[in-house]
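Quick heads-up: it's one chain on its own, the form predicted on its own, in structure tokens.
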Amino acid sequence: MDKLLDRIVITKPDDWHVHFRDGEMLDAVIFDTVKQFSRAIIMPNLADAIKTTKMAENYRSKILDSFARLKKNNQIPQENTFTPLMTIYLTDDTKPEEVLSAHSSGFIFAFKLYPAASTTNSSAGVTNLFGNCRKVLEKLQYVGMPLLIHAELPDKNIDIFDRERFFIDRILISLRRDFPDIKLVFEHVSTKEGVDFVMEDTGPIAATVTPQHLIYNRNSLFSGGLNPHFYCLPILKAEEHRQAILKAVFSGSKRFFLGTDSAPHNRSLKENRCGCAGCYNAYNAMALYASVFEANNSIDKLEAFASFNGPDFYGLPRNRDFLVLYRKENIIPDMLEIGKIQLVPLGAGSVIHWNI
């Protein structure tokens, strides 16, 4: 990494966890990702979940078509490239043969585990991992394809702030015991217990880290009143958990890397009697990460976290182009209007000091 006075030059990063949605929302939000990242792991939890290789292929085509329109309209430089890395939504009915089909596709890079009813569009998620998905897990371990885990146990009797801890105790420990060589990604890690599991596990494992879990704690949800734009799943936790995530990321461990979990919802669906979970952070993702790294005197760790650890874990080459961040006052807008879509970006109204 080259740091020169008021700028930072790093290898072009990738986003290892992003939600593009579909339809108008896809066209609205893809620009913010492709202007910063060369590749992205695309989440499969659309309203019509991406459950097969064929569905993933069709969704990938929509994403590439949207990217091509951005280039055609000169909204991004012609030399920009972007590769969507597709995933498949694991269900109780997924067949082991689907793993082989996905693995041979060349464009699918993981399966995603959503415990049923754990987050947005997770109603088709897994209800009994070991009872219904054991043969699929065996096949994933055999071919070396990662399993990406939304690590929350959505039991109504469990406090929402404890769901990650209970998932580790009741599911993840058994998963590692029964499948010691399966590649796991602990998505959007949000607790000290999650960090400790990733650091201490003896198998192949990594964790993605969002800007919101690095920057904010659960007080932000209630500062000045109830703030729905800080509501995400996993929910923001107490300060001790944020400090544990910061310590892990700045430790230099290769097991932690960038995954925004950027999850757009129209403003009307966030500011609602039953507001949706998800933070839209893609608008300023790299500036947000750079700000928190600098605030913790760890700007020298940014490139490995954003650009090296992810591709190394997935067995992909590191990018060969670069991203430049400039020191410049950056006032995050209160709202983004894109056609009929209104989005409130993470940190709306606040000032950060990096821009791309």
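It should be emphasised that the depicted structure is a prediction, and the values quoted were computed from it without experimental measurement. Throughout, we count residues from 1 along the sequence that is shown.
Not pictured, yet referred to below: the form predicted together with a small molecule.
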Query raised in the report: in the predicted complex, which of 158-166, 119-127, 98-106, 245-253 comes within 4.5 Å of the small molecule (heavy atoms)?
Result: 119-127
Query raised in the report: Quick one: does residue 278 come within 4.5 Å of the small molecule in the predicted complex, counting heavy atoms only?
Result: yes
Query raised in the report: Taking heavy atoms only, is residue 150 within 4.5 angstroms of the small molecule in the predicted complex?
Result: yes
Query raised in the report: Is residue 145 a contact residue for the small molecule in the predicted complex, using a 4.5 Å heavy atom cut-off?
Result: no
**Report entry** Interface membership of residue 195, the small molecule in the predicted complex, 4.5 Å heavy atom rule
**Finding:** no
Query raised in the report: Quick check: do 39, 258 and 303 each get a heavy atom within 4.5 Å of the small molecule in the predicted complex?
Result: no
Report summary line: Exactly one of 189, 140, 263, 113 comes within 4.5 Å of the small molecule in the predicted complex through a heavy atom, and that residue is 263
Requested in this report: Report the residue, out of 209, 232, 286, 206, that has at least one non-hydrogen atom within 4.5 angstroms of the small molecule in the predicted complex.
Outcome: 232
